[in-house]
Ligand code: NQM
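Just the one chain here, the form predicted on its own, laid out as structure tokens.
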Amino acid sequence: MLMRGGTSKGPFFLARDLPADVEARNQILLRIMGSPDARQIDGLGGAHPLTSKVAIVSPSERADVDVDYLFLQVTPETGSISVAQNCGNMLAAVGPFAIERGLVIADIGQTVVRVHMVNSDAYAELVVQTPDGSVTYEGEAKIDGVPGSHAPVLQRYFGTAGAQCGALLPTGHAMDRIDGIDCTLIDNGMPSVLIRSQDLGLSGDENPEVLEANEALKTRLEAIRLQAGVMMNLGNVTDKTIPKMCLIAPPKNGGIISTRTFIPHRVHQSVGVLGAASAAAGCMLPEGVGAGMAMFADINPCQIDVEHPTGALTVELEWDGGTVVRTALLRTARKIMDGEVFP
């Protein structure tokens, strides 16, 4: 089933329909997506990391969970397949997909789908609109980066802090210095490196295409990313898609912060769901790189907007001491096509 989840898009599969052997499965998925090829002309991929994603869903053996969700990031040009990260945007479509495929029985009105995010061994709840006992994609919810309005999908995340690095602040510091640049290394569901745009000679409101064309900038960021990966307990990240590199600047439209995110080598046209959750948490740290720049109210739980190139994403955070205990976001999803694909 080809689905849009949030601001991402890709095919969704039942695990039982794919080979159990990882290598055999990956080879089939590369054929399906059309990689390695920058255009992905011979497959379903959309020639960009945001449209070169795969979700694999299966019934969960856990008593308190409905389905397991494995996310795969396919790099269009190289054909590499990474399981090192979650994708909160694609997660938005997991609930509707699970109901459509009969893995979860819908309630009348709304259905809560309990999801085990396999990539990080984390837990999330999705509130899906099922007014007559079946999924509806029609509604009035709007998210920046997606045209039109659709049915809302509320995402509730639990245990995001340190999901992949072991702690919200993997180094134990709100700020570290790498190659002469101040950085906040944070993991609130998506390992991220926050850097002030001004420290790199940027305004922070550049278009993604301008940043992608800046080879010197990308080389410098990659050098920082490789060092940050080790510091964040991720090891050698040369061939990994984490950590993400997030450039921050003062907000322009009432948000907490303005962002430009490298994922890690292309620039996001908006912002990843969990990337926004990590950026928001990082910018609220009084000793982090966002101190004096981020604008937010000191309340708990708090609801804040993370600005990005095509708008903003609203994040709700609940803190207990110095750790985030709950993250919630509003997304939408849409079923685009249901059929058979030929590898």
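Residues carry their position along the shown sequence, with the first being 1. The structure presented is a predicted model; accordingly, all values stated were derived computationally and were not measured.
The same protein also exists as the form predicted in complex with the ligand; that form is not shown, yet it is the one meant from here on.
Peer 1: Among the candidate residues 193, 94, 273, 257, which is the single one with a non-hydrogen atom no more than 4.5 Å from the ligand in the model of the complex?
Peer 2: None of the other options qualify; the answer is 273.
Peer 1: By the heavy atom within 4.5 Å rule, which residue out of 263, 224, 103, 118 makes contact with the ligand in the model of the complex?
Peer 2: Spelling it out, the residue with a heavy atom inside the cut-off is 263.
Peer 1: Could you tell me which of 45-53, 280-288, 301-309, 58-66 sits within 4.5 Å of the ligand in the model of the complex, going by non-hydrogen atoms?
Peer 2: One stretch meets the cut-off, namely 45-53.
Peer 1: Does residue 185 reach the ligand in the model of the complex, with heavy atoms at most 4.5 Å apart?
Peer 2: No.
Peer 1: Please check if residue 150 has a heavy atom lying within 4.5 Å of any heavy atom of the ligand in the model of the complex.
Peer 2: Because no heavy atom of residue 150 falls inside 4.5 Å of the ligand in the model of the complex, the answer is no.
Peer 1: Would you please decide whether residue 87 lies within 4.5 angstroms of the ligand in the model of the complex, comparing each non-hydrogen atom pair?
Peer 2: Residue 87: contacts the ligand in the model of the complex.
Peer 1: Is residue 160 close enough to the ligand in the model of the complex to count, meaning some heavy atom within 4.5 Å?
Peer 2: Judged by the heavy-atom cut-off of 4.5 Å, residue 160 is well away from the ligand in the model of the complex.
Peer 1: Using the arrangement in the model of the complex, list in sequence order the residues of 1-19 with any heavy atom within 4.5 angstroms of the ligand.
Peer 2: Counting only heavy atoms within 4.5 Å of the ligand in the model of the complex, the contacting residues of 1-19 are 7, 8.
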